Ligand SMILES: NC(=O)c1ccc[n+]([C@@H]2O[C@H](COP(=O)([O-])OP(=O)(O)OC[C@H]3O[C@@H](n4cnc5c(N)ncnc54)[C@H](O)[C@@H]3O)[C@@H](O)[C@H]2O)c1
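In the block that follows, a single chain appears as structure tokens, in the form predicted on its own.
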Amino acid sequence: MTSTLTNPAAAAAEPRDGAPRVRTLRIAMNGVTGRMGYRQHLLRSILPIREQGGLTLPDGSTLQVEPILVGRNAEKISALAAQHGIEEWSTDLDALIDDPSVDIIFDASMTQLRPETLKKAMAAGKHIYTEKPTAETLDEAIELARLGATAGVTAGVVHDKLYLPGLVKLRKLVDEGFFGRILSLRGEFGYWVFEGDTQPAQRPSWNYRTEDGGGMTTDMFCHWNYVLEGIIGKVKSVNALTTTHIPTRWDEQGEPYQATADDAAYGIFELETPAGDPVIAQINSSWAVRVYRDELVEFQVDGTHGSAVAGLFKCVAQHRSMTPKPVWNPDLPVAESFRGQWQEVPANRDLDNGFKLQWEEFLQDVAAGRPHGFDLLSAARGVQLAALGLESSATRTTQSIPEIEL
């Protein structure tokens, strides 16, 4: 079933009375009934862009967006469209891919279905914007990257964490040389996901079944790859240990099931800065950890001139000139506040929602007909890191990261 409402602004509107030209991009949004697709991409990105009147382009014209909601459940998707004043919705993704009035296909559905969706969309000449991982296997991810490089469309992959206020501040410190020579990065990510027996789980059950595309390594190493690349430098090798700490969980119907996917991954990564300096990164990722830190994810970067700790929003730093000299004394309780010895890094500007910021960059790239900075090749490198992380764990060996050639 598809709504029959027509789109009144599928094409660029002609200027009238000297007003700037308005161009509307029609975006088929697949997977918006899911948590991430709904909250971050529809509710906090596309709808605010539409409500603010679109984007002003360098030539003074306006770029507006018109979402079309896509999902398998007609009742859910139609209710969502009505709730947010969206005129069009559909359960037929293929029809929208073939619709010449649709400009962009966005995908936030299950990873297993994603490669075919993206291939069809690019073959039909649609621009694509997608969640990650882009595929379950490296071969599929590389094939998508090759298609993206030759299809003549703008292809973008969500790299949302680089747009978080905390990491924006951290990157600013790197760019300004605050750290001197960077030595290491340490990351802690995760929280306790309830098993589902006494309290409902906060994440869908498929996340814990390998056969359904679940797994911490598959899910998060693609994020860590672009975070490490975007802040420090290229990942050269990985040594990982993955495990399933909670072997039995309960699904959405309250039925027990075996968790076949890893729910924690402990990784050591060798990096190389653009200047050629070696850096060691350690990142712990777990759905079976209780939080004792300021934010759900934190990264600490240490360098010869200073250190910084960044979370989703906050970033604190300590320069070498302000570094105290702790003395180890196990016979006396600690009297100093180590956290109080750090200074908060100011934003110095308003930072909007990270998903929305990247959407705006992608839409401007579409309007300009240029490649997006975070493309399908960058996504393939994330899938590669996840695959080699799993191989490292299985073989208990360090895996080198080769260059991907298209």
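Small disclaimer: the values here were computed from a predicted structure and weren't measured. The first residue of the shown sequence is 1; numbering continues from there.
Form predicted together with the named molecule: not shown, discussed below.
Asks: Tell me whether 163, 314 and 374, taken together, all sit within 4.5 Å of the named molecule in the predicted complex, counting heavy atoms only.
Replies: None of them does, since no heavy atom lies within 4.5 Å of the partner.
Asks: Answer for residue 48 alone: is it within 4.5 Å of the named molecule in the predicted complex, judged on heavy atom distances?
Replies: Taking the distances in the predicted complex, the answer for residue 48 is no, it never comes within 4.5 Å of the named molecule.
Asks: Is it the case that residue 110, even though its partner is missing from this view, gets within 4.5 Å of the named molecule in the predicted complex, heavy atoms only?
Replies: Yes, residue 110 sits close enough to the named molecule in the predicted complex that at least one of its heavy atoms falls within 4.5 Å.
Asks: State yes or no: in the predicted complex, is some non-hydrogen atom of residue 42 no more than 4.5 angstroms from a non-hydrogen atom of the named molecule?
Replies: Contact check for residue 42: no, nothing within 4.5 Å of the named molecule in the predicted complex.
Asks: Could you tell me if residue 370 has a non-hydrogen atom within 4.5 Å of the named molecule in the predicted complex?
Replies: No, residue 370 is distant from the partner.
Asks: Spot the stretch among 300-308, 124-132, 170-178, 316-324 with residues whose non-hydrogen atoms come within 4.5 Å of the named molecule in the predicted complex.
Replies: Stretch 124-132 is the one.
Asks: Identify, from the list 61, 33, 64, 378, the residue with a heavy atom within 4.5 Å of the named molecule in the predicted complex.
Replies: Contact check passes for 33.
Asks: Between the options 257, 194, 206, 266, which residue brings a heavy atom to within 4.5 Å of the named molecule in the predicted complex?
Replies: Looking at 257, 194, 206, 266 one by one, just 206 meets the 4.5 Å heavy-atom criterion.
Asks: Heavy atom within 4.5 Å of the named molecule in the predicted complex: which residues of 340-369 qualify?
Replies: Counting only heavy atoms within 4.5 Å of the named molecule in the predicted complex, the single contacting residue of 340-369 is 355.
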